[in-house]
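Below, in structure tokens: the form predicted alone, a single chain.
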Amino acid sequence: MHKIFGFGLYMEKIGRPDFLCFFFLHYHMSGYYNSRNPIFKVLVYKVIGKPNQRMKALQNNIVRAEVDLEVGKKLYLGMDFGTSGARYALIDKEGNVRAEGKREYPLLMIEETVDWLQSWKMTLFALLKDIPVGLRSTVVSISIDGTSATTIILDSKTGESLCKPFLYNESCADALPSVKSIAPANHTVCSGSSTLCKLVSWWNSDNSTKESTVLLHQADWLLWLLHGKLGVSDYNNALKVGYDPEIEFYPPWLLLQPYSRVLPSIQPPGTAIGALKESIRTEYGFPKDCIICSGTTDSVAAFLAARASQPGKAVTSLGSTLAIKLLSTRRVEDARFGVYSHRLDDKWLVGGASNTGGAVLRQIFTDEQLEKLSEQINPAEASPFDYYPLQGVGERFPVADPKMEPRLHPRPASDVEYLHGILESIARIEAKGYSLLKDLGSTPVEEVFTAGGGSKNEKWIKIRERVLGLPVSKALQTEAAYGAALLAMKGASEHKDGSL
């Protein structure tokens, strides 16, 4: 043991911490070291105790793992399943992150298409395995967020999928006239990418009897793999299938349709659904009282992670696209502008998602160029260029126009001026979005927190602060997995009597 420890320290000294990390992970995951062992404690400090140090092992990226917990400490696990990969965050009651990591989805192919269900399932159990062995026995609750409107249709008796999953960005325009004929004008479901349009499209094209069918969303399906109770969802994920979170029921216009019988039962996000399956619990070493809680969408989880709890507080996610979420006392929805509201306890999370964002920047500049050019921008000066940066044709919010063309010309000779113009133009789109929400009746925005890759660009934050005329800062927590962990904590705290 001492030889291995000494070799690990030597590897760090000569500049090979990756070897040190490998040894730590190998012996920790195998349970060889006891977390109370003083040598183990020193090794933990050397591997993960240094500020801002990030170690990689295989596909998993362990950011932090505190395995020396006090007796009786309880931890809460959140998992975020995004567009290209998944993350987990393990937090304590005080909100401190005790471990976190990520996995990319394996691209498993079936007949030249990705088998997403198998890919997500493999990733789910890989993340469970990635959680340090010494922490698993302290995990008392689990929740998961997934991409909004990712739709899975199953046989309710066997749990087998009846078709390929409909991904979040797939449009079923063929079903839109039928949906518009039954739904209220400008309802959230009146979009080709809504869950309801996906359900109606499948219903009309499938020739089976449909006697035993159930619809689930991505997060619902993943949670079902853990608790085994088929047919449960939450009111955030169910919003785009037509569930009304204000009355806490499916509306009459939806219940009158023949396909309404496949809709899942609904719980508030962060509600205890059932115990973790015994087979999973025993295989991975989770405690007997570990419960599974209903989840939410990825964007709502990201908002929860920012801990913006007062009306007027907003979160702008600057990732591949631009998404804004504003906490409001009033519900606002209008499909004409791509605006909808998620319920958040007794308040509403109003917002929309634009097709502008970081993906456009990466079409033009490398990450290195973005960093170097940004350093030369004076954020106090307004750019004279007026662009509408889009990856391709079509915009969702604050203008819902499927035929909108990108506008990225004229291009000045200076790349600094060009980047400045693009960043400022995206900021103007963000400002227009918040202005639209106010015009539609939401609580006016007072402060904006930033999540996503764009939150690292300090010059962009300053530009946005000037354009928005509001205080703008980086959120302390920017990962949706952290928000899912907060839901797991909520579920555990509300689960008093232990019955499920």
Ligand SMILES: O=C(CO)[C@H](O)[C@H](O)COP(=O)(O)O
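Residue positions are given as counts along the sequence shown, with the first one as 1. Computed from a prediction, not measured in an experiment: that's the story for all the values here. Whichever C-alpha set is largest while still superposing within 1.5 Å between the two forms counts as the rigid core.
If you look for the form predicted in complex with the ligand, you will not find it shown, but the lines that follow are about it.
**Student:** Work out which of V140, I422, A323, V339 lies within 4.5 Å of the ligand in the predicted bound form, going by heavy atoms.
**Tutor:** So the residue touching the ligand in the predicted bound form, by this definition, is A323.
**Student:** Just to confirm, with a 4.5 Å cut-off on non-hydrogen atoms, which of L196, A89, V300, A314 contacts the ligand in the predicted bound form?
**Tutor:** After the contact test, the surviving option is V300.
**Student:** At 4.5 Å between heavy atoms, is T83 in contact with the ligand in the predicted bound form?
**Tutor:** Taking the distances in the predicted bound form, the answer for T83 is yes, it comes within 4.5 Å of the ligand.
**Student:** At the 4.5 Å heavy atom threshold, is T147 in contact with the ligand in the predicted bound form?
**Tutor:** Output for T147 is yes: heavy atoms within 4.5 Å of the ligand.
**Student:** Given that the partner is absent here, does L162 sit within 4.5 Å of the ligand in the predicted bound form, heavy atoms only?
**Tutor:** No, L162 is distant from the partner.
**Student:** Indicate whether the ligand has at least one heavy atom within 4.5 Å of a heavy atom of Y387 in the predicted bound form.
**Tutor:** No, Y387 sits far enough from the ligand in the predicted bound form that none of its heavy atoms falls within 4.5 Å.
**Student:** Would you mind picking out the stretch of 327 to 335, 290 to 298, 179 to 187, 402 to 410 that comes within 4.5 angstroms of the ligand in the predicted bound form, counting non-hydrogen atoms?
**Tutor:** Only one stretch passes the 4.5 Å heavy-atom test: 290 to 298.
**Student:** If you apply a 4.5 angstroms heavy atom cut-off, which residues in 345 to 368 are near the ligand in the predicted bound form?
**Tutor:** Contacts from 345 to 368: just A353.
**Student:** Align both forms on the core first, then report whether R103 has a C-alpha shift of 2 Å or more between the shown form and the other one.
**Tutor:** It does not, since the R103 C-alpha is displaced less than 2 Å between the shown form and the other one after the core fit.
**Student:** Taking the rigid core as the superposition reference, indicate whether the CA of S137 shifts 2 angstroms or more between the shown form and the other one.
**Tutor:** Not so; S137 is displaced by less than 2 Å.
**Student:** Relative to the superposed rigid core, does E395 relocate between the shown form and the other one - that is, does its Cα move 2 Å or more?
**Tutor:** Yes; E395 is a residue whose C-alpha shifts (by 2 Å or more) between the shown form and the other one when the cores are overlaid.
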